[in-house]
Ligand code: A2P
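One chain is shown next in structure tokens, namely the form predicted on its own.
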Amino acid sequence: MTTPTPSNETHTLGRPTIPAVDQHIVKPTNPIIAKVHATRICTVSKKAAGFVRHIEFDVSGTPLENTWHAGQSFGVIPPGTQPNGKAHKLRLYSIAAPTGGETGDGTIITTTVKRVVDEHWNTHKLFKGICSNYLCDLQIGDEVTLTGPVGKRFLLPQNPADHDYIFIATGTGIAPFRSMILDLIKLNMPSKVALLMGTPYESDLLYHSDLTNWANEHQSFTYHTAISRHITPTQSKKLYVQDRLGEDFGILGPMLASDRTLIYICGIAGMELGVFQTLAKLLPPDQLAQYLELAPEIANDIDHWERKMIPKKIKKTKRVFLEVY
């Protein structure tokens, strides 16, 4: 694995220097064959509303070994063909393993996969996601075709200790943050880190035991859950991740006011609008300007913002990292 080198960005006013990392070492035209090393349910309960698995792949002895960095993705090419007879297209999955992999020697790459099972709105027929169900059906020792790594922006800075972090995730958007938090733990957690994790039900929380333990072990890491469809013993009302920003502003406010802090957002498309609206309501103009640049005509009409305004009228600064799907 090559050592990251600084990009042309400068470290001023809290703006990070992002490392230059390798991409597309393994191309779709010449993929590698990996083997499933482990697979397990990673929700709090096996009776969760969704089926989500943490899946590990052994890439030892292949060009993908020890090539990725926390925050990147890798590609999966599912077997079989589409109805038109063409091979299935590659799907990208966020890497949940830290830089160096689960075992530290670059051989085990991981991801977090939710089975996609739904009913087609028009035909009423069952719809099953091709790649998600293929991956979740795999057994230890099964072979799978992989490519990658991919991604050059959704990364920790060149010098992670120079910054503090607010990570905001929904669902399987937790995957890159698991990798980043583990990278920071390897550095003895040199920064303040707050993770905001949103799920519909408490039973859907992912890696909950690990995250709770890490928060107990590291004073500078705080773990904040937001459950949107029911009340829990520790949450007196239904909350989305953007609501958690306000509920825990006593902790998060000082972080947002600091020039050190970066915001990373990963999850279902549309979540970013709620987060941006909440930031605009909570922060004074001078602090908000560190994270968002707003067109003058919408600055005082926050409740009527629409997602189509991003990025033309609502533009994130280099202190905000966004990856939604």
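This one's a predicted model, so the numbers in the text were calculated from it and none came from an experiment. In this text, residue numbers run from 1 along the sequence as written.
Not pictured, yet referred to below: the form predicted together with the named molecule.
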Stretch from 90 to 98, 249 to 257, 126 to 134, 167 to 175 whose residues place a heavy atom within 4.5 Å of the named molecule in the predicted bound form: 167 to 175
Although the partner isn't part of this model, could you tell me whether F221 comes within 4.5 Å of the named molecule in the predicted bound form, counting any heavy atom of the residue? no
With a 4.5 Å heavy atom cut-off, would you call I268 a contact of the named molecule in the predicted bound form? yes
Would P200 count as touching the named molecule in the predicted bound form under a 4.5 Å heavy atom rule? yes
Is S228 close enough to touch the named molecule in the predicted bound form, meaning at least one heavy atom pair within 4.5 Å? yes
Work out which of S179, T111, Q72, Q242 lies within 4.5 Å of the named molecule in the predicted bound form, going by heavy atoms. Q242
